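Encoded as structure tokens, the following chain is the form predicted alone, with no partner shown.
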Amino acid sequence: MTKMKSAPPLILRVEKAGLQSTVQDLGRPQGASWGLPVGGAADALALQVANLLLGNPHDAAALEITLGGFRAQFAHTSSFALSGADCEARLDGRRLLPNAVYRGLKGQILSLGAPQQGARSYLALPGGIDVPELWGSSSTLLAAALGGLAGRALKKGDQLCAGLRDHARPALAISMPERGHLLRFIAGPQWAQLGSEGQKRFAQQSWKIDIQSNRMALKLNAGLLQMEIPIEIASHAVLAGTVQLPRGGQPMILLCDAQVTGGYPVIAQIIQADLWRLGQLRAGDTVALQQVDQPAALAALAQQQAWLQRIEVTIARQCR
């Protein structure tokens, strides 16, 4: 006899969805071979931290809340974790800190205001947010209206279910690495054609994030750059963190929802260990760029992965 699968537990009823709240996990990298953007959390480090705090798989689906403005009521008592930008979250008016685990009681109201710094907050539920997987991921891809909750951003009246029923978690909080305003990069394939003066300007001046920035790309403002040697190149593969220089001269850094190919010169690639910082930048923020070599980029990534592993071990010990 086949055992009936129980319905996923309803945890939250959305009262206010904010500017843009979507279900995200670590994306679908295999989708690139089909022409699909990888997608996933803009700040993948914060998403993983939220999941680790709750004892979830590190890639479980969570809610990505952009610039706060979110409010929901607990339909059932449940633990939850918050990470990423500090949105002055409150539970029935009680102030909550980011990067910590809490427990919401049935009927309580969770609200997130506008962050003073950073752009995106992550809300994790036990077992991850229960939405169907599509091509190996639960991430929402708004441009294609697929994944997540019906392929769209949340709206008032939506209901969020958890993958698991509530399980008590000890009160835990961690400190995230300092986000700062420094982005490290390695030279791209067309770095040499930028010329010494262009290279100097790119790496030594400060850049402001343009208002025309989103999950596809961050545009940089601080004067225009031009290739010293104009070139025409065929369309080629691009990734999150790829820095393209269109003919207009305004550099742009691709983010998680970027297309998988592009035809603009690639002057740089933000190192993988700093991609999470891109997801917390917003219009008007200032960034500086620092060139590093490949060994330094790999060392930074190894250091970040070791930090995540230490957190996972520490949390496991606390929960015994």
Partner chain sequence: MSPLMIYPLGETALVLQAGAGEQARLIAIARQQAHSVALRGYQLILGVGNLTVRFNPLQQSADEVLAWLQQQWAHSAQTLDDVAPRLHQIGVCYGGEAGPDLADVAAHCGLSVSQLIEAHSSAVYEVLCIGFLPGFPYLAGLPASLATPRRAEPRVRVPAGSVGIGGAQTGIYPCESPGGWQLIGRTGLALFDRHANPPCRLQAGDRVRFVPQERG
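Since the model is a prediction, treat every value here as computed from it, not as a measurement. Positions refer to the first chain, counted from 1.
In what follows, reference is made to the form predicted in complex with its partner chain, a form of this protein that is not presented.
Asker: With the partner left out here, check for me: in the model of the complex, does some heavy atom of L224 sit within 4.5 Å of its partner chain?
Answerer: Result no; L224 lies far from its partner chain in the model of the complex.
Asker: Please check if L36 has a heavy atom lying within 4.5 Å of any heavy atom of its partner chain in the model of the complex.
Answerer: Output for L36 is yes: heavy atoms within 4.5 Å of its partner chain.
Asker: Should A171 be counted as a contact of its partner chain in the model of the complex, where contact means heavy atoms within 4.5 Å?
Answerer: The answer is no: A171 has no heavy atom within 4.5 Å of its partner chain.
Asker: Would you classify A234 as touching its partner chain in the model of the complex, given a 4.5 Å non-hydrogen atom cut-off?
Answerer: Flag for A234 set to yes.
Asker: Among 85 to 93, 235 to 243, 161 to 169, 70 to 78, which stretch has residues whose heavy atoms lie within 4.5 Å of its partner chain in the model of the complex?
Answerer: Only one stretch qualifies here: 235 to 243.
Asker: Please state whether all three residues I109, I209 and L281 have a non-hydrogen atom within 4.5 angstroms of its partner chain in the model of the complex.
Answerer: Verified in the model of the complex; spot residues all out of contact, no.
Asker: Quick one: from G136, G195, G249, P189, grab the residue that has a heavy atom within 4.5 Å of its partner chain in the model of the complex.
Answerer: It is P189 that has a heavy atom within 4.5 Å of the partner.
Asker: Let me know the one among L298, L10, L19, L308 whose heavy atoms come within 4.5 Å of its partner chain in the model of the complex, would you?
Answerer: Looking at the other structure, the residue within range turns out to be L298.
Asker: Since the partner is left out here, which residues of 150 to 185 would have a heavy atom within 4.5 Å of its partner chain in the model of the complex?
Answerer: Nothing in the stretch sits within 4.5 Å of the partner.
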